[in-house]
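As a starting point, one isolated chain is supplied in structure tokens, in the form predicted alone.
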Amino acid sequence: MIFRINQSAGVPLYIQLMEQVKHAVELGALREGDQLPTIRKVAEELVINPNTVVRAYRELEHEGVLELKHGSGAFITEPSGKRAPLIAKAQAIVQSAIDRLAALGLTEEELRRIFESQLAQVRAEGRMEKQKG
């Protein structure tokens, strides 16, 4: 699995890594028992501090998404694919919105800023609760 980060997204890198792992689990791309790349490998590929990867992996362990086995690596512990239908529906909604907004002439960067701004507003208002399972 190759992670991607956006240094200018305004979202901490460890959170970007966490969200990518959780998304892959939700879609079934990562399944229970799958091993994640080593901390060193992820840090080298993304050219980031290994402590950033450590923080992401530890947070994911705390959330019950993965298990860190000293000397063996990080392994997915959460059953995969249970939210896949919901994610697929959400992707269709987002794709439709992107198509409509792009038709208005908005650029990719404008769309990204709008989405992130609206997401931050919803989060600040407490309308978006973290849900597990």
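Note that residue numbering begins at 1 and tracks the sequence as displayed. Because the structure is predicted, anything quoted here is derived from the model rather than measured.
Although not depicted, the form predicted in complex with the DNA is the subject of the following passage.
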Quiz item: With the partner left out here, if you bring back the DNA in the predicted bound form, are I39, T52 and R55 all within 4.5 Å of it by some heavy atom?
Solution: yes
Practice problem: Would you check, heavy atoms only and a 4.5 Å threshold, whether L106 touches the DNA in the predicted bound form? | Solution: no
Quiz item: Just to confirm, L13 within 4.5 Å of the DNA in the predicted bound form by heavy atoms?
Solution: yes
Quiz item: Closest heavy atom of I76 to the DNA in the predicted bound form, within 4.5 Å or not?
Solution: no
Quiz item: Applying a 4.5 Å heavy atom distance criterion, does L68 contact the DNA in the predicted bound form?
Solution: yes
